[in-house]
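Form predicted on its own, single chain, as structure tokens, below.
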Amino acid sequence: MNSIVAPVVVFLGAPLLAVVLSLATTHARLLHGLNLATMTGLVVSEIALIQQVLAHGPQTALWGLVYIDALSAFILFIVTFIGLACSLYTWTYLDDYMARGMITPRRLSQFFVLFHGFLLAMIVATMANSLGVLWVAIEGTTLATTFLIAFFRKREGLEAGWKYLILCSVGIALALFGTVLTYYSSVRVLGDESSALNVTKLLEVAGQLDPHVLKLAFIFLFVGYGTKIGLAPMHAWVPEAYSEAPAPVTAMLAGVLETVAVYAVLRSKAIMDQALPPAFTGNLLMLFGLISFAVAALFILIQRDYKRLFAYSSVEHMGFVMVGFGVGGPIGTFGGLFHLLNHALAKALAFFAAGNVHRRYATREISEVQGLANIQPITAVAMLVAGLALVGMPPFSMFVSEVMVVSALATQSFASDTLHLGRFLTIIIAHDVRSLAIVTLFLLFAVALFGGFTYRMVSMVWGAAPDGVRRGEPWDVGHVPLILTGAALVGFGLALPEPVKGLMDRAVAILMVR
């Protein structure tokens, strides 16, 4: 029996079983216990998967339907870590709303049904040995998260859920067209309709596929999945959804869903780069990454809502990730993967803190949240750690990944391709000056982002606390994920655990193979 089968079965079976059992009870403790047990099982299974991949390399399971390599194992590491943190945070977060009478036991049961369905869809997307199944699974996340965004059934939440559904459905339709074009190109080479979208088969014959069809296919795939990632200009749903969704849902959207959507782009890119000049996909990723970074930096300067502030921060950091993968090379690719992990940790911590603040202050307006250090000292520390990490301050791990990406950007050669980005700039300035100009512009936006973001974080933590806000923050299980994510942001900045680093090194090799 394949040694990878057992953890794969747990990964697929545990969330599905949790969906069924969550339907059968409305008892809060049972629901939370089931949720925590499911995530603990997934973490243990992920450890087993990492060991198997590091020891034996890429593997298939369940009659070839599942494909696990270093890239998918790394993404699953992020899914399970952030999922466990969200499960711990959800315990006190939703119990508080139940105590206030804002949600009923039946609504709590429905939350966990949707949460585990959402989790299962992301796991299937990451494990699937088929670009078609990957597309179906990501479409499944849209259905589950639409109801989670509108969970509190407020008018604003319903509008945000509807906007998310419409925009992401359009995006996923474009990704479907890209998947169909990939199928059209591969079936002519493989001659087998049943395996024309299999990742393992596509990697074997990618060099024989029609490059003209693949160029068009990747554009549709990138724009489609880029909508899920929240890249500009497809990002309009992000501030609306993130500001209205429950805090643990927002942490999963920013830390996990965006990461899985990036995985879909990277899996497609790894195949396309076998048949296309890497400058084609690289320039496309870098162009949208730079646009997203610049747009988010400007919008952050005018935000008055702290959840929308974090939402635009997600647009910025996903743009940064795309720049890393677009630049490529061992440093840029490793920096992009590392930044995915760091962003997931920092954004989960940020939205956990935001959830605590909103429950205490009953407002999302930055100007109305003052004196957080006196009102909620633990949350204040978490907010500062998340804020400083998100602006790239040392000793947090985001500083390391940002330095890696900027270093790769400063030293790489901007090859021109069909996007004509390099050719256009070459007309204006020489190559060395061109690279320096792009890096300088990039850093200027980073400085503006740093100033605007830090100013708002500091204004919330210090100052005179408003009257009528209860002081004190007794310890509960909801503080554990704040410590876990905060400690990881510091610890990973000092030294990456060897298994994680080994996994990332192998994932870099997968993305750079030609």
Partner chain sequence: MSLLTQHLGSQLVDLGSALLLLTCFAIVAQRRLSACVDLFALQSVFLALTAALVAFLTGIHHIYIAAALTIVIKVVVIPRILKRVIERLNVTRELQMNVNVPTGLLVCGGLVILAFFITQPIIPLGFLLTRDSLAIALAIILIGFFTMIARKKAVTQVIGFLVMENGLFLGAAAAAYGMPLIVELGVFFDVLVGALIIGIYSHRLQDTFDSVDTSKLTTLKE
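Please read these numbers as outputs of a predicted model, since none were measured by experiment. Numbering follows the first chain given and starts at 1.
As for the form predicted in complex with its partner chain, it is not shown, yet the points below apply to it.
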Query raised in the report: Wondering, does residue 360 line up within 4.5 Å of its partner chain in the predicted bound form on heavy atoms?
Result: no
**Report entry** Heavy atom of residue 106 within 4.5 Å of its partner chain in the predicted bound form
**Finding:** no
Query raised in the report: So, in the predicted bound form, is residue 100 in contact with its partner chain at a 4.5 angstroms heavy atom limit?
Result: no
Requested in this report: Would you please decide whether residue 291 lies within 4.5 angstroms of its partner chain in the predicted bound form, comparing each non-hydrogen atom pair?
Outcome: no
Query raised in the report: Of these, 276 to 284, 156 to 164, 71 to 79, 263 to 271, which stretch puts a heavy atom within 4.5 angstroms of its partner chain in the predicted bound form?
Result: 156 to 164
Query raised in the report: Of these, 259, 130, 379, 370, which has a heavy atom no more than 4.5 Å from its partner chain in the predicted bound form?
Result: 130
Query raised in the report: Can you pick the one in 403, 187, 301, 205 that has a heavy atom within 4.5 Å of its partner chain in the predicted bound form?
Result: 187
Query raised in the report: in the predicted bound form, which residues of 132 to 153 put a heavy atom within 4.5 Å of its partner chain?
Result: 132, 133, 135, 136, 139, 140, 143, 146, 147, 150, 153
